[in-house]
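Starting off, we have a lone chain in the form predicted on its own, written out as C-alpha cells.
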C-alpha cells in the first residue's frame, strides 16, 4: 500500500501537511497500527459509513449525552459531537505516556502538600513565592490543613499533544474538577456497536473498569475510622455543563448523586438527607469549585455548597476529591515550573516535556511576546474550555490589539506559547475521510500510586484548519484505542 492510495475514495480529500499524521507516514504509507482500520474503511461504502455515523449520533441522543455552551443565545444544550473513526496508540507509546503521567501527578501532589505546609520549594526559590501567592486559586485557608493520605489530587485530566517529531508533550494539567471521562467511556460503548468485528480483532486494551477504579480511589481517602465509607458525588445541579457526566459516574460507581441542599453539617460531621433519616457521609467526589463549596468559608452567596463543610473537612471527618486549593497547580503560569518540581521532589528528569511557555509578568518575556502576537498563542492563566485565548496566526489586528492592552494591564494573568502544529487524525467528514487536529486527555487516578486506564478522551477540532478542540468552540471527540502490542 503506498501514497497513491491516498488519491482513492474514501481518502480522496485527505491531504498531508507538516503536522504529524496519526494514520500515515510523511510519504503517505499507512502506519502499521492503522493498516487493518484502513482496509476495513476501504471495504465500506460512504453510505454505510454515514449510516454507522447516524446510528452513533442517535445513540448519543437517546442516552442524553450532551454538554452546555454558556452564553450561546441559539440554545445551550447540544449533543456531544462524535467522530466515527478511532484514534490508535501503540502499546509502546502508551507505556511512555503512563510513566510520564505517573511521574507528573506524583510531583504535583508533593508540590501541593509543600506549599500548604513547609513551603520548601518556595524557600529554595525553585518556584517564586509571588507566583504562588498571587494565584487566584491559592487558598490561604488550607495552610497547615492535613488531607487524607496527603492526596490533594485524586482525579486528574492532563492534556497531551503530539509534536511534529511524533513525541508527546503536556499542554496543560486539569486538577480542579476535570471533566470529559464520561465521553471517553460512552465513545467506547458506541464504537463497539459501530465496528464490532474490527474492535474485537484489534487487540484494544479495555477501559470499562474506570468507574470501579475511581470508586476504589475515593474509598482509599475515607477516614480510617470508617471502614465502610459512604461516598457521594456532589453536583452543582442539572444546569451545569457536565451534569450528564455527574449522573453517569454516580451510576457507574453505584453511589448517590447529591446537591448541596441534600447535605447538612452537624458537629463537624457531614450527613446526607435520606427518606430513612440522616446518613453520615465520609467521602465527597465534588464537581463544585472551591468558591461555591461552603458559604461560611468562601463565597457567601453560594447556594451550591454546604454550610460548615470546610470545618468538617479541616477536622478530618470528611474527605474531598479533589482537595480544596488544588487549583493553584492548575494555573497555566505554575504549569511552566512542573519540570522543576519533578527534579526537585523526585530527583528525576521529566519523561513528558512541557510546551515552551512565556511568563508575561517577566519584562523581557513580555516584550518578546508583544512583538510577536501574530505568531503565538496567548492564554489566560485561570480560564479553560478554550475561553480567554488568542491564536495569533488566526487573529485579526483588532483582536491582537485588545489582547495587547489586557496583557499590559494584568501581565500575571497571561502566558504565551508557540502555535503548535497539533497532530492530525482521520475523521469521517461529509461522506469522506479527512484529517483533523487532535489532542489527548488521559485520566489519572491517584491515592498511594497512580492508576491510568489505557486510553483517554481524544478531542478533535472538527472545523477544517482549526486548532481549537474544545467542545464549546466547535470541537468533538473520538474513541482512543490503546493496543496491547
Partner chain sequence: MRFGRLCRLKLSDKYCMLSRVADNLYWMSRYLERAEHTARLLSVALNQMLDEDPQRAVLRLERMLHALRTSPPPDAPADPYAIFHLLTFDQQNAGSIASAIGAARENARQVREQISTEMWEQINRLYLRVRHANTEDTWQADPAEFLHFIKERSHLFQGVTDATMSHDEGWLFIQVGRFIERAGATATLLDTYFQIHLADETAQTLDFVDWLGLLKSCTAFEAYCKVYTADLKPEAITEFLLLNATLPRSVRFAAEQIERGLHALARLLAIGQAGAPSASPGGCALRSTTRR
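Every value quoted in this text rests on a predicted model; they were computed, and no experiment measured them. Numbering follows the first chain given and starts at 1.
We do not show the form predicted together with the partner chain, though everything after this point is about it.
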item: Interface segment, criterion being heavy atoms within 4.5 Å of the partner chain in the predicted bound form, picked from 415-423, 35-43, 56-64, 449-457; value: 56-64
item: The partner chain in the predicted bound form: contacted by all of 229, 261 and 275, heavy atom 4.5 Å; value: yes
item: Interface membership of residue 243, the partner chain in the predicted bound form, 4.5 Å heavy atom rule; value: yes
item: Heavy atom of residue 170 within 4.5 Å of the partner chain in the predicted bound form; value: no
item: Contact label in the predicted bound form: residue 256 to the partner chain, heavy atom within 4.5 Å; value: yes
item: Exercise: residue 266 in contact with the partner chain in the predicted bound form, heavy atom 4.5 Å; value: no
item: Residue among 279, 143, 149, 299 with a heavy atom within 4.5 Å of the partner chain in the predicted bound form; value: 279
item: Contacting member of 200, 315, 303, 238, with respect to the partner chain in the predicted bound form [4.5 Å, heavy atom]; value: 238
